[in-house]
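Taking the form predicted alone, here's one chain by itself in structure tokens.
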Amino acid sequence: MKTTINNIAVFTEGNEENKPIVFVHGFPFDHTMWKAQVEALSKNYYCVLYDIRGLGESPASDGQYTMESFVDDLESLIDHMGLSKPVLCGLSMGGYISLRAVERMEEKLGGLILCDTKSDADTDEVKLKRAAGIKQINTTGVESFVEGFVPNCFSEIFIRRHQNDYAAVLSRSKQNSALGVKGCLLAMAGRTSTTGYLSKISVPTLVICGEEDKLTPPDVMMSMADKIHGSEFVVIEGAGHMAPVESPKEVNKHILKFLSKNNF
């Protein structure tokens, strides 16, 4: 079912009486990247997905985003829907949002699943790459930027073996508005580090990383997981930065095990 909350497109699957899981997608994708997870979980869990402002079906508005405003949107969604202690599941930029959310309002959350993401703020080198991306969009358009960016999010094996699936993700990403994509780049470049809070996280946490992730490689994510007391860390063999899309069965297996172990 689709609804709109605070001008954000929200999608739900499953019985709302069940434990809620809120999925926060990566950049520059949309809620559909979680399709395989929703299919596996919606029978026993209430799956809530949304398109981050400026991406997918959520309008770009003024394009002036910060990580704080993204967390505002997430908190508004949780409050408006009356979700009781949802588990947050975020990938990449969705992980940045989830990490800042747990730092800001952990009392509202029940658990955390971090997929292919990191807690550190952008280095100066990465900030310059974000700026170059905005310049590229202004110069040659959002499609050109997406064509250059998205391949880094997948393993070469997945792109070669699953050409139709990859092409579908690429096509959807190209449909995002230039204003929305640029706004997300600005928000990521300006975000604060959440590394200092990792040791304070008290909710059950699962950290998932693709073995072939070029953007947040296993050693980076393992270091992050080591700082979260009692967290579980798993590496998905052969997957890149988009592990839930590339190896859905393996990712779903670990998510279901984590949820069951913690009585969610």
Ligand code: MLT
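Heads up: residue numbers just count along the shown sequence, starting at 1. These figures come from a predicted structure and were not determined experimentally.
Separately, the form predicted in complex with the ligand exists; it is not shown, and the next lines address it.
- Contact check for residue 50: no non-hydrogen atom falls within 4.5 Å of the ligand in the predicted bound form.
- Contact check for residue 96: a heavy atom falls within 4.5 Å of the ligand in the predicted bound form.
- In the predicted bound form, residue 188 approaches the ligand with a heavy atom inside 4.5 Å.
- Heavy atoms of residue 27 reach within 4.5 Å of the ligand in the predicted bound form, making it an interface residue.
- Screening 135-143, 87-95, 73-81, 165-173 for residues having heavy atoms within 4.5 Å of the ligand in the predicted bound form returns a single hit, 87-95.
- Across the proposed site, 130, 149 and 241 without exception bring a heavy atom within 4.5 Å of the ligand in the predicted bound form.
- Residue 215 is the only member of 212-230 with a non-hydrogen atom no more than 4.5 angstroms from the ligand in the predicted bound form.
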